[in-house]
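There is one chain below, alone, in structure tokens, taken in the form predicted on its own.
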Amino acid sequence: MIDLHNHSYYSDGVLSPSGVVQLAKNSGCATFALTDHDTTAGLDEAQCEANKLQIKLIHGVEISALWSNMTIHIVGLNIDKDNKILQAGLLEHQDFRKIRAEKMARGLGGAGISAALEKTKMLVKGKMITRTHFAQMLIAEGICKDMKTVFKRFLSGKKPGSVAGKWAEFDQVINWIHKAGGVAVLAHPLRYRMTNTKIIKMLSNLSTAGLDGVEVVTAHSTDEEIVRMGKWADELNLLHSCGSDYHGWGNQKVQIGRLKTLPNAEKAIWNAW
């Protein structure tokens, strides 16, 4: 099994990099990628554990980006984590995340949720505070029952805890990944709130900018969605990838390596490696 989209507590996952690698090994993964949001800080630890367990670790990162003023996520795979251009870009995003967390907390405070930042920090094991951490705090406090409710009530659109993302444009992010020797893959393409027409337009724009592939198979993909994404990818000469987007929170049912088979193995993103 191959799973090329997973998170540790260096971003918004629950487990340490070592813990995620151990879980991937126990789940039967032969090849696995750690792709924390806007940071590569967990890769050294993950590599040490992967060497011990004899599992192939692909160095990765999931980078937020803007397309048509909307936030999307682009996964960089097989990257050189020490590349200066990549790290300079990631540092800009990390700095914005700190500012965003403070603004989110102020917004939630205005909605009557006191000490939001302090309560959220109690759930954070690394240095990065993400929307997922705020969401889990709101669930733990009994304010919302699940992630869907959190985002609907507080963290999307013009809701109290929503803060517009000031990320790099999609073509910049793709360039960072390429400068680091990696391949750029659009994450979970059907999760964005877009019509099929708009998704195809996005894929076309990203492909023109050098996007290498797209996640055809995710943890939530139906058979119909896999066929549809594979068709769109082929029409734009994009390679196929797969990833669970594992985080490890108890209220999320996603498991590492529990993915449907990629139908067209000859189109797989990892063949070039």
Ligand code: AMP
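The first residue of the shown sequence is 1; numbering continues from there. Every value quoted in this text rests on a predicted model; they were computed, and no experiment measured them.
Note that the form predicted together with the ligand isn't included here; everything after this is about it.
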Check your understanding: Among 112-120, 195-203, 128-136, 169-177, which stretch sits within 4.5 Å of the ligand in the model of the complex, heavy atoms only?
Key -> 128-136
Point to revise | Close approach of residue 148 to the ligand in the model of the complex, 4.5 Å, heavy atom | key: yes
Practice item. Indicate whether residue 228 is a 4.5 Å heavy atom neighbour of the ligand in the model of the complex. Key: no
Exercise for review: Report yes if any heavy atom of residue 93 sits within 4.5 Å of a heavy atom of the ligand in the model of the complex; otherwise report no.
Suggested key: no
Point to revise | Non-hydrogen atom contact residue 100 with the ligand in the model of the complex at 4.5 angstroms | key: yes
Review point. Is it the case that 12, 73 and 247 all touch the ligand in the model of the complex, with a non-hydrogen atom of each within 4.5 angstroms?
Key: yes
Practice item. Check each residue of 24-55 against the ligand in the model of the complex and list those with a heavy atom within 4.5 Å, in sequence order. Key: 37
